[in-house]
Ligand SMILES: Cc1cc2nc3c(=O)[nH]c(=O)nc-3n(C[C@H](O)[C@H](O)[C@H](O)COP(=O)(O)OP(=O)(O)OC[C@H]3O[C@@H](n4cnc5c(N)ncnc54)[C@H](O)[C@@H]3O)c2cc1C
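One chain comes next, on its own, written as structure tokens: the form predicted alone.
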């Protein structure tokens, strides 16, 4: 008899894990301490357009496309103008490097072609200076990774970010295989459509949702913990004290996003967005040009300004008025003119993102295995981003099937141990 698998957390990682478990024929019970599915992801519909409280899309992959086709959620690719991406160096530039930077970069690549692999516990700043040189590090590498990881480049782990860290086998995650679509994709009605599609599919498939519910992990049932590092540490405290203590050491970063709507005559730059190197004088990490990225994000012109991370941890404590004042000043500097805002929507996420530091690399390379009936899925396990979380969810579901599916011997090793007592 197939056991019921408990999935802890109904964010994207939990819903994706539950989906793959359901496809393998398991009964799934999903417990969530809040009153809704989706975690950080939510799409708000306003009179001026859509507001994404977290990711505005995710990288396409063959697995994502297959899943979305199965749950009847369409995907759209970015608009043509979104292929343009900018980095600010005195003004927005698609290539912010000067002639001397390009010459130095080509020379360093010629010398370091066989030394591109990061060294263990090498920081992004150190790797960039060794391989790329000052200009490319300051105006390409650090801004680009800052837009994804929001970390301190003097502490970010090059091995973790480039997928070269020596993590334990049970944390293995496949690289996403390419799909028919390329780049960032999204459902037509925003990311909430993906969350709703997964939730509705799971309900139809017989999955049980338990909202506003919290329970402690036990050794009596197979369970996949799909929580943040700090929440997973708390959840596993009694049955897995060693891994719980390790997860408690993971540093978390706070972020804030401010979506602003403007009239049709407002200044705009067509493209995906613009990143701001720290030495350019902006407090914002960057700005997304929402209505240039996907169709249907208007009718007003929408931009999302992103704040926070390792170098501005206290920004989430700013008032709404303070955020508005910062954006007025920085947007006027960016465009060279002032436009009246129609609406402002602010989202604050304290302790939302793991800091991908060399300290995290050390934690993951020495991470004790979880209890034998527990698996972990989360963005702190060496792969960040929704597409990679999707791959991790599929890998874990396959491991559960191997351990707990038909014909598997009781106690066969699985994700961190085995079905063992849970399957008896």
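These figures come from a predicted structure and were not determined experimentally. Numbering follows the first chain given and starts at 1.
The discussion below concerns the form predicted in complex with the ligand, not included here.
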Do residue 8 and the ligand share at least one heavy atom pair within 4.5 Å in the predicted complex?
yes
Please run the contact check for residue 12 against the ligand in the predicted complex: heavy atoms, 4.5 angstroms, yes or no?
yes
Give a yes or no for residue 368: in the predicted complex, does one of its heavy atoms lie within 4.5 Å of a heavy atom belonging to the ligand?
no
Might residue 352 be said to contact the ligand in the predicted complex, defining contact as any heavy atom within 4.5 Å?
yes
The unique member of 395, 363, 54, 67 whose heavy atoms fall within 4.5 Å of the ligand in the predicted complex:
54
Heavy atom within 4.5 Å of the ligand in the predicted complex: which of 124, 227, 198, 160?
227
Exactly one listed stretch (43-51, 368-376, 352-360, 395-403) reaches within 4.5 angstroms of the ligand in the predicted complex by non-hydrogen atoms, and it is 352-360
Sequence order please: the residues of 16-40 with a heavy atom within 4.5 Å of the ligand in the predicted complex.
31, 32, 33, 34, 38, 39, 40
